[in-house]
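Listed next as structure tokens is one chain, alone, in the form predicted alone.
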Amino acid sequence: MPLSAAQLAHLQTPLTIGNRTFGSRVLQSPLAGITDRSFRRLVRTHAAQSLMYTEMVSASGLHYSRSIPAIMDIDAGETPVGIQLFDCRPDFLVEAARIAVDQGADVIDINMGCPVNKITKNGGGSSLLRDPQTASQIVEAVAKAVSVPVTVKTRLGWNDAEINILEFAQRMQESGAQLLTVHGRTRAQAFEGAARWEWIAQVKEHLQIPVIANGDIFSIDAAIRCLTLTGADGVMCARGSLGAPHLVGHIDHFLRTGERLPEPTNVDRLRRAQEHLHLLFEFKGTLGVRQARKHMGWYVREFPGAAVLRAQLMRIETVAMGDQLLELAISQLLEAEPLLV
């Protein structure tokens, strides 16, 4: 089912979050260990106006370390960018939010959806779905403390027996959240099973603030189906962007123009992998090269010899090693299929 004319017209207008306006309704999700400056720069080359987020920052860690972690680094001119925070202590989150604004954040996002045990066992992430009073206190305190919009990213509930997203979303709005992103899974699901977009549709019906749909946005077609079903004010790409930093921009371009940009070829993906490797080394040195290994696995796929190349790239120790492997693979692809790569 295609988007209605009214839905499409709405999605082609700027996204207003509190006192800020953003040119795109397609967002890049914060992803731990992924959405650093190098990744955001690659996404930004395709999505100039999209709001994207840093990796989530521990408010407790920020409080006790008294230093600014590298994951809060924002490039000059990178805007629009949000910084996502997690914790269960309103005072720590207020402190962290003020620091984030000083770092250049256009938006403060509170993580209330992370399912990882090391986060939830300390009261953060999706455990706040079980403690709506504390969640409300957090949003209210942070919203009063900073001048930029405060948003919340959450899930449907703790598990199927405790789906409380409708009541929870209403409380977040009443507490001062100016946008809600809903991942259509419970904490118990983690990233398994299909995202239940029908719940996001109900959230949209209940709220006046913008609602962003998240979960299983792996393509333009998935984004259209999600937006059609949910009536959401936009979509947020997460795992779909792994090895595909063009995805946010391609969805945004389609919503604006109706045109599908060409999908990257195998050679395009390998060249983008090479660019990503160099950016990670530029920002992080040898650590960046080690972190690049997982990204190589996402870029290198679906062509003859991809599995062997992936295995080799997973062991690289230097940029030169990665360059040599990627350049050889690109040459072989161009030689074997010069018009189809």
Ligand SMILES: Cc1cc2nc3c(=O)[nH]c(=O)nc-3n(C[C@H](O)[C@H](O)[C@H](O)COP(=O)(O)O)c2cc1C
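Model, not experiment: these values are computed from the prediction. So that there is no doubt, residue numbering starts at 1 and follows the sequence shown.
Only in words, not in the display: the form predicted in complex with the ligand, which the text now covers.
**Q** Would you point out which of 157-165, 87-95, 177-185, 143-151 contains residues with a non-hydrogen atom within 4.5 Å of the ligand in the predicted bound form?
**A** The contacting stretch is 177-185.
**Q** Is there any non-hydrogen atom of residue 279 lying within 4.5 Å of the ligand in the predicted bound form?
**A** Although the ligand is absent here, residue 279 would stay clear of it in the predicted bound form, with no heavy atoms inside 4.5 Å.
**Q** Counting only non-hydrogen atoms and a 4.5 angstroms cut-off, does residue 32 reach the ligand in the predicted bound form?
**A** Yes, residue 32 lies within 4.5 Å of the ligand in the predicted bound form.
**Q** Is residue 239 close enough to the ligand in the predicted bound form to count, meaning some heavy atom within 4.5 Å?
**A** The answer is yes: residue 239 has a heavy atom within 4.5 Å of the ligand.
**Q** Contact between residue 234 and the ligand in the predicted bound form at 4.5 Å, heavy atoms?
**A** Flag for residue 234 set to no.
**Q** Which of 129, 169, 248, 217 has a heavy atom within 4.5 Å of the ligand in the predicted bound form?
**A** It is 217 that has a heavy atom within 4.5 Å of the partner.
**Q** Considering 59, 300, 52, 56, which brings a non-hydrogen atom within 4.5 Å of the ligand in the predicted bound form?
**A** Partner contact (heavy atom, 4.5 Å) among the options: 56.
**Q** Within 99-131, which residues have a heavy atom closer than or equal to 4.5 Å from the ligand in the predicted bound form?
**A** Sequence-ordered list has one entry, 111.
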